[in-house]
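Just the one chain here, laid out as C-alpha cells, in the form predicted alone.
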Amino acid sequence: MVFAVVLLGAGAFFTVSALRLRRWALIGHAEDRTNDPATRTKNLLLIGIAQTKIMRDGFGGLMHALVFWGFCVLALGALEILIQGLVDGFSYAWLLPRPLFVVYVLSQEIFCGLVLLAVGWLFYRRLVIKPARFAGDPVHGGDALFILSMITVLMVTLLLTFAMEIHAGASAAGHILSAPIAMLLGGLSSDAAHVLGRTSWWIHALGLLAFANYLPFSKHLHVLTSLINTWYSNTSGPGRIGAMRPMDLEAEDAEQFGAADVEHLSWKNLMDGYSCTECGRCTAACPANITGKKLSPRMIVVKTRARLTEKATVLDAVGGGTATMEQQAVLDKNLLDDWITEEELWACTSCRACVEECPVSIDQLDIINELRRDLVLMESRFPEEAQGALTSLERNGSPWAYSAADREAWTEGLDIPTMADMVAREERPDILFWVGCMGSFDDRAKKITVAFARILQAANVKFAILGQEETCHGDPARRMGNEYLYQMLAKGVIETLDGYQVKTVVTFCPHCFHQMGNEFPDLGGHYEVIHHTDYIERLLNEGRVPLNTEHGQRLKVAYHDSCYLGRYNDIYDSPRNSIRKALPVVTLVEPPRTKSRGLCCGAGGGRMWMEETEGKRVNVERTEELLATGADTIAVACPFCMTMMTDGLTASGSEVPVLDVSEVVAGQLRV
C-alpha cells in the first residue's frame, strides 16, 4: 500500500511535468513534421537506437551508447521491480519459460555490468581528462556528475537486490555478477541479508521514480526526448537536407519575419532545446568557435531552452491575469539580444558541422537562420561590410558591382553558345552550364569556368550558357537573412529557366548547386541539378574525355571538402574519383578533418563578404591543416573555397598551388 501511494504520486508528478513541457514547446509556432514516416523511422532506428551519430565520438561515443543500450534492456528489469512493489514476490519467471527467463536474467546482469564500466569511464573523463568541450556550461554545471552518481546507485542496488535473493535461496542461473556478490556476502545472517535485500530494493525502486521525475528539470531530459526528437528531425531527411525553411512573405497576417523570441521559433526548435545533451560536440566542430569567435552552437540551443523556461514560467504564473513589474520585465526580454548576440549569429559560416555532429539530431543552424532573418528583415541590422553585397545583389543581380554585359566575357575565343542562340537556331542543349557570379566575374574563378567548358567541348557535350541573362539566384542574401531579396532574385531565375524549358543544369559552385537543386522547389523551380564533379566523373566513366596517357611527376594532392557539396549534399567521392582517373599516379592525402568532418573554408553563410576581426581566420586554420599533410597541391571543388584557400596559403607564406577538380582534369586533356 505504501509503494502504491508512492508510485501513484510519482506518476502524477511526472505527468504534470511532461504536460508542462509539452505546453511550453507549443509556445512555438506550428510546423508539420509527420511527412515520410518511413524515413523518419529509419532515422530513429539508425541514429536513435543504433546510436550511429554518437559513435562518431570514438570510445566516448561507445561508452554513451552502452549506457543508452543498457537503459533500454534494463527498462524491462525496472518494470519488474515496480510491479514487485505492488505484487509481492512477482517475477517474470511467472510468465516466461525457464530458458527464456534465464536469458532475460543474463541480459540484465550483462548490461548492468556494461553500464557500470561505461559510467566509470565517463566519471574518469569528466574528472580527470576534462575535454575542453565540457567547459563553460553555466546552466547545468554538476548535473552530469549527479546523474552518473544516480545511475551508479541504481546499478549497484539492482545487483545487491539480486544477490540477496540468491542468498535467500533463489536460483543463481544467469546471475553472472550478482551470484559472486552473494558468495562474497555469504557470511551474512538470513535476517541481515533480508534487511540488506529489502533496503537495496527500496533504494532502487525509489531511485527509479526519483530519476524519472528529476529528468524534466535536468539537462538529461534528453533521456526522455531524444528518440522523439530524432523521429521528428529533418537534419538527416526526409526532405532536402540543409534547405532553409520556406517563408511566406505575402501572407495577410504576417507581422513577424524570422525570430526575435522563442514564440517565433517552431515547436521543433524548442524541443531541440529539451533534447540537447550539452555534450559540446557541435561546438567542438564549429569553425567559428575553433578559431576563437563568440559563437557556440551548443549555447545557441542552451540559451534558447533557458529563455523558453524563463518566459514560459512567467506566462504560467500570470495565466490570464496582469503581470507584475518584475514579470513584465521578463516578458519584455527577447531571445535575440538579451540571450543571443549579433556577434554570435554573424560568426556562423552555415557549414552544418554542428548539425552533422549532433547525436540527437538537433538543428542549431535553423535557429541561427531564423534569428538572422529577424535582424535583417525586421530591424535592418547586419554587418556594415555586408551592405555592399546586398545592395549590389539588388541592383546588379550579383554580389559584386559588375555589369551584366561582362558575364560572358570569359567565353571569348571559345565559341560557346547561349540559350538564346540555340533557341534562335531551333536547337536544344543537353545541359545548361550555370556559370554563377564568381565563375563569371572573379579572375581566378574564370579559369575554372574555362577548364570545365573545355572538358565539355572535348567530351562533345552539347551545352549552352545563359550569358547576360544569368543573374544571382540570391543564396548569399538568404544566408544573410534577407529572405525578401532572395525570393525576388530566385523567382527571376526560375522564370528565366522555365522560359527556356531547362531540364538539366550543371554548375561548379556548390552554393548554386544546393540552392537550385534543393531550395528552388519551394518556389516552383524543379530541375535536375548536377555538380560538375559528378558530371566529370560520369563523362570519365563513359570514356568520353580524351586524356593523356603520359603523366609527369607523381603528385601528392590534398582535397578540401566543400561544406555545401559534402555535408549539404553528401558528395565526397566523385571529386576524389575524378582526380584519380585523370592522374593515375596521384597520391591523395587526407587531413585529420575530412569528408563529413571537414573544416569549413570560412566563406559560407555570407561570410565571404564580411571581415574576420575576432580570433584566427578560418581559412588560415584550414590551409595550415592541409599543408600539414605534405601535399604538393590542394584541390577544391568550389570557387568560394578556391578564394579562401588561396588567401589562406598566401597568409601562410606557402606557394602550394590550389586547383579546382576541373582544372586537374582539363590539364590532362589530349590536344
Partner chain sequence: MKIAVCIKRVPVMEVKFAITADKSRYEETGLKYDINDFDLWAIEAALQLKEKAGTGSVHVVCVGPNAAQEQIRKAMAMGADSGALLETDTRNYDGLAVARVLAAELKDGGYDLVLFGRIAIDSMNQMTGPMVAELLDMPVVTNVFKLDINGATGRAERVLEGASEVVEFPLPAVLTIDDGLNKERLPSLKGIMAAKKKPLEVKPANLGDAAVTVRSMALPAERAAGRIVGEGADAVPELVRLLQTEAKVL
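It should be emphasised that the depicted structure is a prediction, and the values quoted were computed from it without experimental measurement. Numbering follows the first chain given and starts at 1.
There is another form of this protein, the form predicted together with its partner chain, and it is not shown here; the text below is about that form.
Check your understanding: Closest heavy atom of T309 to its partner chain in the predicted complex, within 4.5 Å or not?
Key -> T309 lies outside the contact set for its partner chain.
Exercise for review: Could you confirm whether M378 comes within 4.5 Å of its partner chain in the predicted complex, counting heavy atoms only?
Suggested key: Heavy-atom contact with its partner chain at 4.5 Å: present for M378.
Review point. Given that the partner is absent here, does R554 sit within 4.5 Å of its partner chain in the predicted complex, heavy atoms only?
Key: Flag for R554 set to no.
Check your understanding: For Q501, is any heavy atom within 4.5 Å of its partner chain in the predicted complex, or not?
Key -> Taking the distances in the predicted complex, the answer for Q501 is no, it never comes within 4.5 Å of its partner chain.
Check your understanding: Among 110-118, 300-308, 124-132, 403-411, which stretch has residues with heavy atoms no more than 4.5 Å from its partner chain in the predicted complex?
Key -> Selected range: 403-411.
Practice item. Check, residue by residue, if I241, G280 and N369 all come within 4.5 Å of its partner chain in the predicted complex, counting heavy atoms only. Key: Not a single residue of the candidate spot has a heavy atom within 4.5 Å of its partner chain in the predicted complex.
Exercise for review: Name the single residue among L390, A451, I81, I166 that comes within 4.5 Å of its partner chain in the predicted complex, judging by heavy atoms.
Suggested key: Of the listed residues, the single hit is L390.
Practice item. Identify which of E394, E528, D522, E343 has a heavy atom within 4.5 Å of its partner chain in the predicted complex; exactly one of them does. Key: After the contact test, the surviving option is E394.
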